[in-house]
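Let's start with one chain on its own, the form predicted alone, as structure tokens.
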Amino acid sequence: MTATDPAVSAGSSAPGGLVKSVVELDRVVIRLAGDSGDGMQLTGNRFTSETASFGNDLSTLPNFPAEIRAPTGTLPGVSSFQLHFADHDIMTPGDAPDVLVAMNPAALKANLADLPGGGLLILDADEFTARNLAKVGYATNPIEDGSLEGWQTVSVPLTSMTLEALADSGLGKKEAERSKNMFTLGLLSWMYHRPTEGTVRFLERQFRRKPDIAAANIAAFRAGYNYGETTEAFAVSYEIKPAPMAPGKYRNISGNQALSLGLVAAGQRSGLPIFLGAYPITPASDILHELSKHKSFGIRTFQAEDEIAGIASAIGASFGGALGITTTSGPGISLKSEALALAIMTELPLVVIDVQRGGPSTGLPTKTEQSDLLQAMFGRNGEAPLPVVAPRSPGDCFDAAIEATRIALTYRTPVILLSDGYLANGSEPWAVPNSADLPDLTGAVDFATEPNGEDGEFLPYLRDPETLARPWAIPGTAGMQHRIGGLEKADKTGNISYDPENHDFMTRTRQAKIDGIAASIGPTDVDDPDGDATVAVIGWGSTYGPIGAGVRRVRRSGRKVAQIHLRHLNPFPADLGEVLGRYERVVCPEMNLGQLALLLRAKYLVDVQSHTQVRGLPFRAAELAAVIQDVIDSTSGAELAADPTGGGE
């Protein structure tokens, strides 16, 4: 077992007189891997929920294939779930697992390279059959040929023990085998002293219409827990104490859940009904599913026949006085681009959520990437500017949704919110806010009800002098009739206009409106404890966690480095140019080929050093720590002995 600063406490006696030790750890990373049908995501989510209720800080990384059911026992069909939990604040799901649970040979082959030497390896011995070994190219059984001697390998007949535990359940062999993930969950729950009551309640609730299935899963779960308690194969269990947290009510939340609740809160704080027009697409579909549960909060959801219908219906909802929302991923943004330009021309509030995934085209539907930034900035015909914001963590998706709504309502503009698959599917503890502490958005909702022209007429493009937002007039309001559509409008009157000077003026005005948002977003987020670092690392979106973890490691080595993080990508904070100018070197890690770096170089003429990857996976903290260390050492000419790439967060 590898972890930092283990402490062995007094053991307990299991039935039969076996004395078992309890080792105290400060953190651990567990990866569950198996076939797509083995329930690894459910198992990981349940273990995560119990870990959250115990009070540990945590971060997760679900990783699964795009196919609904890839061929059983093959490498393309491997699904995994990684959980990092600790007794202190952490920022990532961990670079590598300390513990790997492999449910079959394919899971072992796909993940073994990530398990450091000496790590704990738990295998389902029943699945290492000649047929399964041949499927993934094993000439001999690794459990028997000595190839796993570099790890702490425990081979457990998980499948047969599950069948034995359910011998009297009345279920057939195939049905009973499906409960082996619950046996595994029970074993892990014993190993790490996780609560069990919540999982039992979950299974009772999940299978309330199939009580025999519920009973079987609970029996398998308890059998796994009891096996850990009584077997000699596991003489040690591990304890990770709760992390210090500010007082409050917490829940485990994924990015898509947080985005959904943020939109619900935005509707409540603005007093507007929420309308979501969406076409299902991975990894954004969960937002549609979640919002559909909240009709009692004035949420209306519409599953459209395609991406274009989804955004068109949302624009119509905004025209009618609701807050229009549409959700998608990169391919959907491509399809929505014409309608998105229409929303810019009509100057209506709209929130467009892009949960980015690996591309181009269909690409990697279930993997993460940050490659839609330039598409969000420029992916429309003509001069069509709009604000772009990005959350930094699963919990921050809640606040980002409210911020996107604030901007959309205040400035009468569509806003793109750039999440990604890592944030959408990952989870962390989230402090549930007091609704009274959330921003009051009612001031941004000011429907036009009276004429605003000198002659008693309604001028739909007579702008607010501070925000440059035009009036929002609901159809059917007496005297508020006005033209709407994609043709260029005349200043103030909104009449169709082909006048060259008017088009130039309106184009510059729409740009000035977006530029003016910078005055409302506050200073750049800079973490530079002593204020004298010469190197800064800048990032956006989900790179916040890996960059932050890498920066922590570098600082532990005695080096100084600043972290700059951007939530607002268009417009940038007003002071960003001055902030970048403080540092001799600026490094920009991105999960693309350098899109933010390109924008920063163009706008501020700063020689940003781009560090990129497009692997469908988040950065590893050790990798970024090594990059940062090299930049600092090459800048200062001094090298410290400490290596910041090892250890935890």
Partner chain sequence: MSTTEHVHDLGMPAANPIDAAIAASVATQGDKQTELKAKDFKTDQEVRWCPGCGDYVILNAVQSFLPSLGIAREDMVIVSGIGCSSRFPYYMNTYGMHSIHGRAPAIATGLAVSRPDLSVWVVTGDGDSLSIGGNHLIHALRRNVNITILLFNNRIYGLTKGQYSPTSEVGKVTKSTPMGSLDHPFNPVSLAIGAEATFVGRAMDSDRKGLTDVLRQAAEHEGTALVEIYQNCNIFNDGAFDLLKDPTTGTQWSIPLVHGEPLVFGPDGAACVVRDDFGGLRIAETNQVDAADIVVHDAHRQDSSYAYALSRLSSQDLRYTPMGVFRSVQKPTYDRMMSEQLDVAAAEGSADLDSILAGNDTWTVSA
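Residue numbers count along the first chain shown, from 1. Remember, predicted model here, so these are calculated numbers, not experimental data.
Note that the form predicted in complex with its partner chain isn't included here; everything after this is about it.
Exactly one of the stretches 340-348, 108-116, 134-142, 220-228 approaches its partner chain in the predicted complex with heavy atoms within 4.5 Å, and it is 340-348. Proximity to its partner chain in the predicted complex holds for all of E305, A309 and G476, with the criterion being a heavy atom within 4.5 Å. Between its partner chain and the residues T362, S160, T72, T442, the one pair within 4.5 Å by heavy atoms in the predicted complex involves T442. With the partner omitted from this view, the residue of R380, K241, R269, H565 that lies near its partner chain in the predicted complex is R269 [heavy atom within 4.5 Å].
In the predicted complex, its partner chain lies farther than 4.5 Å from every heavy atom of Y192. With a 4.5 Å cutoff on heavy atoms, R201 counts as touching its partner chain in the predicted complex. Its partner chain is not drawn, but in the predicted complex it has a heavy atom within 4.5 Å of W430. Within 4.5 Å of some heavy atom of its partner chain in the predicted complex lies at least one heavy atom of S313. Taking its partner chain as it sits in the predicted complex, the stretch 595-623 never comes within 4.5 angstroms of it through any non-hydrogen atom.
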